[in-house]
Each structure stands twice: as C-alpha cells, then as structure tokens.
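This document opens with one chain alone, in structure tokens, the form predicted alone.
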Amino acid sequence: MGDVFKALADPTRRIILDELTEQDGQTLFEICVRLTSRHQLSLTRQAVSQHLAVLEEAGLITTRRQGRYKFHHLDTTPLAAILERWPVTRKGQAP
C-alpha cells in the first residue's frame, strides 16, 4: 500500500489520474497533450512516462498494447482497498 501513497503524493501523478478518470485508455502522446493544453504542464515525454511507470507499479493504472500504441487505463482497485481498510466516516459517526 505504500506504493499507492507514494504515487498519490505527487501532484502531477494525481493530475494524470484525473485525466484518465475523464478519458480512460489514453496513449502517452494523448496524456502529454492534455497535460500541456489543460494544465499548462510542459513535461517531456520521458518525464510523463516515468510518472506513468510509478502509477503502474502502484497498481493505479494498467496498460494494453495495440499495434504500436500503448493505452493507459485507470484501475481504482488499490484505492478501494484503502477505503476498505480505513473507512471514511463523517465527524460524529461511528465507522
């Protein structure tokens, strides 16, 4: 679970996850374009690729290859495990 928290600690990786939430199944090129155009983040493809690797190692994204392209998909399973382990409660309510 530590890998998940490490992956989520970086604001750029959280933005990438937000982008995959909005449009799942993006290529590296598509993610780079969205980061530049929507968030004014001018990262190299290599930098974005490294962020994606951290997210994949944490289990927050999965990938699939189709021809020359690699598509990135959001996987919320690790987040569900966190919520299961530490349920969110409202102030004054029992878990």
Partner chain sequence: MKIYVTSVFVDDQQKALDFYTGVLGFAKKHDIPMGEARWLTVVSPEDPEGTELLLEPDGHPAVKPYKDGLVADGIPAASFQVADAQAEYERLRGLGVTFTQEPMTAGPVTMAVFDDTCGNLIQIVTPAQ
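Everything numeric in this text was worked out from a predicted model, so none of it was measured. Positions refer to the first chain, counted from 1.
Below: the form predicted together with its partner chain, not depicted.
For the chain shown alone, Ser37 is a contact residue for its partner chain in the predicted bound form, at least one non-hydrogen atom being within 4.5 angstroms.
Using a 4.5 angstroms threshold between heavy atoms, Glu30 counts as touching its partner chain in the predicted bound form. In the predicted bound form, its partner chain sits within 4.5 Å of a heavy atom belonging to Gln23. Although its partner chain is not shown here, in the predicted bound form the stretch 48 to 74 places heavy atoms of Arg65, Arg68, Tyr69, Lys70, Phe71 within 4.5 Å of it, in sequence order.
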